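As a starting point, one isolated chain is supplied in structure tokens, in the form predicted alone.
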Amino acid sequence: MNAIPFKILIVEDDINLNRGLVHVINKMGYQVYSAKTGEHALKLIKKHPVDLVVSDFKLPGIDGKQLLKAVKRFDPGIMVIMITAYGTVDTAVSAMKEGAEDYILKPFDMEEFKIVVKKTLEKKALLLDNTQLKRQLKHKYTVDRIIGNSHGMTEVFKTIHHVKDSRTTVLIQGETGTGKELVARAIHFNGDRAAKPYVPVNCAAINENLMSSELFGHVKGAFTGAVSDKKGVFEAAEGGTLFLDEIGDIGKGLQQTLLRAIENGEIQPVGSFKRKKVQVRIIAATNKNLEDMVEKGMFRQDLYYRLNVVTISLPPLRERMDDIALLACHFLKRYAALNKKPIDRISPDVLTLMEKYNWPGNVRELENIIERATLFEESTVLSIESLPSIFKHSVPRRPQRNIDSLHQMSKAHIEQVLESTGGNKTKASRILGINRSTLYRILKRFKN
């Protein structure tokens, strides 16, 4: 039996041929309807949705070409195969220009008929798969999943809509935990590149000596350990989007090479003398102030201007307090379902405390706290008792401050973040914007 239960309509006024075609379609494992006139066929289509119409060109009443036009007006997704005699080949070709998928010439044997039907349905299946894939991808990263009604987020949504189908380079700025990669994914998967590759690269996590190879690839023998040719992420993202996260951490030596690749659409693998053309849309992100870095000579001005064609500035959570309730309820629904907890709302006292908190870890910190709270809550309402201790007393909002390094963070703040994650150092390091080994070193220093 076929994986996809396609429905097929046979339209043929020759009773014996009609019965024969119906029998073959049944044997192929598809559901089949039959009609002897075009008028009857149209009534059946309106009553029983079909995927494929196989119609003789010569029919009593409206002919096959007229039927084809009516079918396409009713549903352009229905495929049509025309049956015609040798003397009307030109007419069959004309019908294909009107939207017929294929035609078959009389007389024909049933094996030939089966091949044409199978080929047409394979194309139909491929189109359905692609449509379903695009719907799944769009649902997964649709703008609707970026939560917020505040003015700052409304501007973000507008910009995503304007740039999603373009090739324009986009720079996303925002503190750690504000959702920069979520925005990058939303741009890609809501645009016309959704079915093409989306390749994210964390520039801060790659050794500077290996960065050129990671971005542009290398050829065999280019350096010790290069035992074969390797494609870089620029080639891997061909036709799609390359997301360069933490772009401010790329060294000065590589910035010139990256600039040339973005400007000219050309890359040169390490160890190769040949240049390759690539078509990639660049989205970059950073939690650093690139303008300050340019003034200090730490970041190339020309690269900054090339990246900064369109800028999306994500506001920190402390500047979008009206969104806290929306976000908290969104995360509650997700983690209550995931943890099979019957929690369906959040206590007003909890929301009041959350709106007083400064949220140094931004949306990521809020998500982690809600996840933890769903595990501890025993009732159907998320209460203060399920929150970490920093929320169990009225916590005044701390004044806004920029944290340029971990050494400026207080011991109390790090301990609060650790408590909010239930001691999970991996989550805590993500909220703090550092790697786990750095967090361990700081904790060790606090103990001394």
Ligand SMILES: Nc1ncnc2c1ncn2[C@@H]1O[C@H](COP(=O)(O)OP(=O)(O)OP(=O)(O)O)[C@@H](O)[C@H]1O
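These figures come from a predicted structure and were not determined experimentally. A residue's number is simply how far along the shown sequence it sits, counting from 1.
Keep in mind that the form predicted in complex with this ligand is missing from the display, and what follows is about it.
Student: Which residue among 187, 283, 82, 363 has a heavy atom within 4.5 angstroms of this ligand in the model of the complex?
Tutor: Looking at 187, 283, 82, 363 one by one, just 363 meets the 4.5 Å heavy-atom criterion.
Student: Under a 4.5 angstroms heavy atom criterion, identify the one residue in 217, 191, 177, 248 near this ligand in the model of the complex.
Tutor: Among 217, 191, 177, 248, a heavy atom within 4.5 Å of this ligand in the model of the complex occurs only for 177.
Student: For the interface check, one of 299 to 307, 168 to 176, 262 to 270, 192 to 200 should have non-hydrogen atoms within 4.5 Å of this ligand in the model of the complex; which one?
Tutor: The contacting stretch here is 168 to 176.
Student: How about residue 147: is it within 4.5 Å of this ligand in the model of the complex, going by heavy atoms?
Tutor: Residue 147: contacts this ligand in the model of the complex.
Student: Would residue 181 count as touching this ligand in the model of the complex under a 4.5 Å heavy atom rule?
Tutor: Answer yes; at least one heavy atom of residue 181 falls within 4.5 Å of this ligand in the model of the complex.
Student: Heavy atom to heavy atom, is residue 153 within 4.5 Å of this ligand in the model of the complex?
Tutor: Within the cut-off, so yes.
Student: Please tell me whether any heavy atom belonging to residue 331 falls inside 4.5 Å of a heavy atom of this ligand, as the geometry stands in the model of the complex.
Tutor: Heavy-atom contact with this ligand at 4.5 Å: present for residue 331.
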